[in-house]
Structure formats: C-alpha cells, structure tokens
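What follows is one chain in structure tokens, specifically the form predicted on its own.
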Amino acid sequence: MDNVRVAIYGVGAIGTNIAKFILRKRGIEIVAAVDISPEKVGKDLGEILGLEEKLGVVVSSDASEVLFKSKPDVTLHATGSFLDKVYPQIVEIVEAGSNVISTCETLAYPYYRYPELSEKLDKLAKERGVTVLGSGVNPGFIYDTLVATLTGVCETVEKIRAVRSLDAAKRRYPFQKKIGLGLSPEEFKHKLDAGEITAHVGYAESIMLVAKALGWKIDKVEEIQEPVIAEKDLETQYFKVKPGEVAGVRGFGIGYMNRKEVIRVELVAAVGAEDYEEIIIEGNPNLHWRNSLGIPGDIATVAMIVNMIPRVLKAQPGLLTMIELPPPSAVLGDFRDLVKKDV
C-alpha cells in the first residue's frame, strides 16, 4: 500500500511544525506545500524547515496547480481563523479532490457564524467525494471533544464549566501579539473591535459542538473578552509590560438553553498565569477533571491535526465536525494500517 500523501497549505509556524511532525511518522509523506510568502515560494520545503537535506517539495503559491498535480490524499490547512477569509482556499483544496483538515477555528463548527458558506462547502465536498474538518486544540479538543467525552459516563447533565488557564509568556510571538500584550486598555478594546487582534477565537464553536454532542438546543451564546491589566512590570521574550498595560486576556463564552446557562467556557491567557485545564460537570454523577500541567497549545494543535488524518480518510464525504468522528488518539504506528477501509 502506498504512503498517505499529504499537502501542507500554509507554511507558517504551525504549518512548519506539522511538516516536521509528519517527517517523524511512518506510512505518510509530504507531496506538496503552498504558501504566498515571497521568502518561501520557490524554495525546497526542507530548506524552510531548516533541514540539512532537500525534500524534493518546492513551495508553490499556485494552490490549484500544485494540488491537482500532486494529488494529495489530505491537505493540512493552517492559514487563518475565520472561514469567510479562508473559504476560497478550502474550496481550492476540495476542487482538487483532496480531503481537508484545517486549523481554522471557526471551521470547527462553521454553522454558527457562517451557515450559508457551510451549506455550500458541505455540498461541494460531497460532490467531490472528500471530507472537510476543522480541528485543533481549542476549539477541537479541550472545550468540546474532551468535555463531550467526559459526559459519556453521565446519566444526566445539568451544567458544564470548562476552564483553561495558561502562562502567555511561554507562548510564541504571534500568540502574545494577538492577546494584546503591552497595549493600553483602550488600545486593546479598539484593536479587538477592529479585528486587528483576535485574542481567543472559538468560544461559541466549542459551545455548539458540546451541545450537538448532547442533543441540546442552544437558544443564545454570549462571548466576552476583557484585558488582564498588569499590576507590576512584566517581561516576556518579546514584550515589556508596564503597570496599567495589558498583560493578557480573560474571556468566556456562555451557552443558554431555555434562558438558563448550561455551558460556560472560560480562558485566562496572561503573563505569569497558572497553567491548567479544568472541567466541571454537574449531573449524575458529578465530575471534576483537572490537568495541573497545562496542555502546550502549539504541540497539541499540530498533534490533533496530524492524528485526525486516519479518521478523516475513513469518514463519509462532506463537512464534518469533531463530534461526528471517532474520538482522537495518538497515531504511533504506520498510518497506512489505520486508513484501510473496514471490510
């Protein structure tokens, strides 16, 4: 059986880490790479990854051409957070006959913000016989897939609260920038409202994924993000934060059913914050799950995208969500063994 053929669409921080991860796996190979950066186009992917040898995969800015020629089984897409912005890219991939796994946060449950685009994408994917999935660590796992899985031992569920806290100083520059480190509170609000920074994207998507899994009909979703203000001088590898400036973000999403709060997801991402995740489920039985180590976001995102490949390649065509696929697991063996169709 041939190796699973993979294209990397977006050779940024996440895309390059995805490529490096794949190179350490068995039964899978990179056959194409797409990016628009002039510094990367025309170069061998091995050079961009800092490898001593070339991989024979040249980065192209013409996605349609390179995907049609290379015929990847799946394209791993990592370019943006909002489906309306990356929709043409996803369509290019689908038109080329490739399955898609994307880090686009709003693609994790696209029907909430983009119902019309979702219907069009689902129809196109079915016509081309491919599967489209939005995944990652959050949304994609911590606030939704993990939460839904934990409810599997419950007879009843009344209310859910999921919390993620992380030390922003340990994260890479783009993350620290998008949560507004070093800005004044006024600048933070202006840039967030203008879309110049995003902080966390996906509170609503996670809520809707959990609700879908449980069969709940959510009436309303609230999303709120506020700055965490420094009380003393703080410093990261990339930013110096003075007292009164933004040291991070505190945000949450709330899902209501019959005008009652039933799902709450909360995030604290700030310099010096404690690293942990916590999920509290009120029901029968009550559950309290806590990870006191904290999940490293970049590593987890890369792992989720790659580990979902066998699930996607065996899935039915169309636009799917994590809730409609078997729960994720690490792929430690040969990918070829896991993508064989069940007889």
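Predicted, not measured: the structure shown is a model, and the values here were computed from it. So that there is no doubt, residue numbering starts at 1 and follows the sequence shown.
FYI, the form predicted in complex with a further copy of the same chain isn't displayed, but the following is about it.
Residues within 4.5 angstroms of a further copy of the same chain in the predicted bound form, judged by any non-hydrogen atom, belong to 211 to 219 and to none of the other stretches in 211 to 219, 79 to 87, 165 to 173, 189 to 197.
Note on contacts: among 313, 63, 303, 31, the single residue with a heavy atom within 4.5 Å of a further copy of the same chain in the predicted bound form is 303.
Although the partner is absent here, residue 141 lies within 4.5 Å of a further copy of the same chain in the predicted bound form, judged by heavy atoms. Residue contact check for residue 155: one or more of its heavy atoms lie within 4.5 Å of a further copy of the same chain in the predicted bound form. Interface membership of residue 35, defined by any non-hydrogen atom within 4.5 Å of a further copy of the same chain in the predicted bound form, is ruled out. Among heavy atoms of residue 51, none comes within 4.5 Å of a further copy of the same chain in the predicted bound form. Using a 4.5 Å cut-off on any heavy atom, the residues of 15 to 30 that reach a further copy of the same chain in the predicted bound form are, in sequence order, 21, 24, 25.
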